[in-house]
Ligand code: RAM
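Listed next as structure tokens is one chain, alone, in the form predicted alone.
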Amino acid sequence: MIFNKVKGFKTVENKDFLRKAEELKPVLFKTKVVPTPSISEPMGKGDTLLLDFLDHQVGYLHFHASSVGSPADAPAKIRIRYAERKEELEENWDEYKGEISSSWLQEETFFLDYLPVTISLPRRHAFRYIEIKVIDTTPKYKVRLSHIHSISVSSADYRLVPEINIKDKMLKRIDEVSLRTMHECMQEVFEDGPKRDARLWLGDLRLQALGNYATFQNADLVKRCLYLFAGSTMRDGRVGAGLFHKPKVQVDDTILFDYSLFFVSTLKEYYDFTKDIETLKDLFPTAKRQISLSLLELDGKGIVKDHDNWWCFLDWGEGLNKQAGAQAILISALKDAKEMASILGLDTAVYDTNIDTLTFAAKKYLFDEAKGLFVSGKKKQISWASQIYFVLSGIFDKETNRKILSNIEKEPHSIKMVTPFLHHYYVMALLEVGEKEKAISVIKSYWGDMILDGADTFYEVYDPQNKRSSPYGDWVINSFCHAWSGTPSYFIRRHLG
């Protein structure tokens, strides 16, 4: 992938916003979790121990190591691998050929110079399973591990989750796994996935925030993340697609058209949940700036310009053209910005003008009347993403939108959905057109299939036809606990209950 990076990258800090974000930094709950088994048999060279923590954990491994037999006459060399799925451990990690760094593979190799010793590993990992292998000792002694446990961490509090009576067993299990997914990703910020990036991404944040409002209800964590994004922007005021919060707050140099606009919608949805007018006043100028910068990307017809690089996300679909989806998301963001401006008593005429311009252009240049579908790019590509985002933009009436979603199902050469991210918006689109039963069916078939596949938490990427699909060239690097996948609880509790 070719990332759209800012040339001459420089950042601007708003120290007041960063101070407010720091004041909202949560205290992490710490839980001791003991695996099966919690003590090993004596282990010599080449022996392995598989630990099962029975559910997904984000935490720190602790154990006691002692020698069995003669005194330890050389260090013990130990390798530890952490896996969210047991199948990860069946792969040869030494032959990893992915496009992103192998340093994300969760493993550590170290030496026990003196035995006995108590080990508290400083690195946090995401896992259900841990494989501990003795690479070498000497023939004179073996190693026994005992008191094995994890100190698992999260800022999410299960006690705040409203009880809900779900009679459907599959929906009940989907809700439970959704909760666990969100719980694991709620740390000092809403992380996109604790296995890998472990940082803020705006697209993930929006979906996490929606799920959080219906479950853990930690509005302060959403507020903190919004202030972080507004507190460290690019020189022109654009919020980055992602943001580092350690070792210091730092906007990433990757820009994504849709992610910047998701700041607008995330702020509006935060206000809808909290009615926090002071935060809205603080952050609306940042939201407004995202709109202004995005409007600069229009061509003379009122259509978002297309690009060859990775300038907009939408989904991981191979060859997916982003132009139509970007147009739709900009229209949705304009509508959200207009609503916020109205709440703040500001003039909304400019938003009306731009909404009308982009809507007219979309209908004239991007909608194929004969097919009843939106097309995108020079080759007039048809994709599920384009239809879904335009249905959510609301430029057509409910019945027309229902027909669009029906038409895409019959289109044999369309670019399909790949990620839970786009499946979330598909379910949202179905609910918008009144297809409640279809929405339930999609949740049960897509997320339910992950559960049948053994998921304790929901995955970053899931293709039921190719369960080892990866946008990174090697499925073992995929995140199997990912923020944008934990949203079924939002639908189950807010729309389907």
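Residue numbers run from 1 along the displayed sequence. Note that the coordinates shown come from a computational prediction; the quantities given were computed from them, not determined experimentally.
There is another form of this protein, the form predicted together with alpha-L-rhamnopyranose, and it is not shown here; the text below is about that form.
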> Here the chain is shown alone; which of Tyr472, Tyr462, Phe53, Phe63 has a heavy atom within 4.5 Å of alpha-L-rhamnopyranose in the model of the complex?
Replying inline: Tyr472
>> Using a 4.5 Å heavy atom cut-off, which residue among Tyr351, Tyr129, Phe313, Tyr271 comes into contact with alpha-L-rhamnopyranose in the model of the complex?
In response: Phe313
> For this chain shown on its own, do Asp175, Trp447 and Tyr490 all sit within 4.5 Å of alpha-L-rhamnopyranose in the model of the complex, going by heavy atoms?
Replying inline: no
>> For the interface check, one of 194-202, 229-237, 71-79, 295-303 should have non-hydrogen atoms within 4.5 Å of alpha-L-rhamnopyranose in the model of the complex; which one?
In response: 194-202
> Using 4.5 Å between non-hydrogen atoms, is Leu256 touching alpha-L-rhamnopyranose in the model of the complex?
Replying inline: yes
> Contact between Phe480 and alpha-L-rhamnopyranose in the model of the complex at 4.5 Å, heavy atoms?
Replying inline: no
